[in-house]
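One chain comes next, on its own, written as structure tokens: the form predicted alone.
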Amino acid sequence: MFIQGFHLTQTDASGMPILEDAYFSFPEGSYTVLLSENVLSATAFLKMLAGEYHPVTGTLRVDHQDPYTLTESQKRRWLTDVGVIFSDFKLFSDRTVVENILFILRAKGFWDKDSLGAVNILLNKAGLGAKANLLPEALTEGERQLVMALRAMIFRPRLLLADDPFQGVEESAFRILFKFLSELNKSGTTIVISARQAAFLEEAKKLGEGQTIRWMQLDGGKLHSLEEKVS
């Protein structure tokens, strides 16, 4: 998906400005990391792209559509192409790891007779095959974060929005998730994620394997391009 913002002003949940007359463009198939020390600002920015937080002023276009003018049925269809990883989108505590991932396939309309096998293959690739039938409470924090990411990626969305998906994950899970995100992006998915760990940039450079990543800084209502690449 192609994303454009024109003269956008936005505030976070506390009413503080996070964007002031901002213009930005995320090309289709791009991979953008938004660096921000302000947790509320980064979350509000991504939720605006997901059609949840209406901008105060300006225009947002996602795939040449304004998500805030869509009818409910149109928005549901639009969201079938959008994967999200937000801290308030928790795993279902009463469903197993497999059931949590199958749920999103059903909800997005992608479930078929081969879905269970596909989920198990993905969990094995992520090193979670032995925990497929466990409840989330039996997982570590990093494993739960990884399952939430797999749930958002399994249907190969055209747009993936992730709010600090590497927060709290162990080093091994970090590497697995970074690899999965890279593969998803190489298949054509537009990715926009936030990151607040200072070490993320250096770790990403080590694991990039030629992946081009657009680095941007969200600070004081301004969105700045850092012109960084992983090579």
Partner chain sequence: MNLISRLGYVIKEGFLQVIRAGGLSVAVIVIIAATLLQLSLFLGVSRVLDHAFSSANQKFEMAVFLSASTTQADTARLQNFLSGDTRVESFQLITKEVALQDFRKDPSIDQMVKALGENPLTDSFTVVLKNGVAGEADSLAADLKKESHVEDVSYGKGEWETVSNLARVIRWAGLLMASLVFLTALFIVANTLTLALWARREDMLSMVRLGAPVWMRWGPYLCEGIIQGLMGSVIVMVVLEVVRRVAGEALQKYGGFDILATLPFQEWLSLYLNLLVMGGVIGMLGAFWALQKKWVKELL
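From a predicted model like this one, the values you see are computed outputs, not experimental measurements. Residue numbers count along the first chain shown, from 1.
As for the form predicted in complex with its partner chain, it is not shown, yet the points below apply to it.
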| item | value |
| --- | --- |
| Touches its partner chain in the model of the complex: residue 170 (any heavy atom, 4.5 Å) | no |
| Partner contact for residue 104 in the model of the complex: its partner chain, 4.5 angstroms, heavy atom | yes |
| Residue 94: touches its partner chain in the model of the complex, heavy atom cutoff 4.5 angstroms | yes |
| 4.5 angstroms heavy atom contact with its partner chain in the model of the complex for residue 108 | yes |
| Heavy atom contact within 4.5 Å of its partner chain in the model of the complex, the stretch among 73-81, 117-125, 137-145, 157-165 | 73-81 |
| Candidate site 47, 89 and 151: all three near its partner chain in the model of the complex by heavy atom within 4.5 Å | yes |
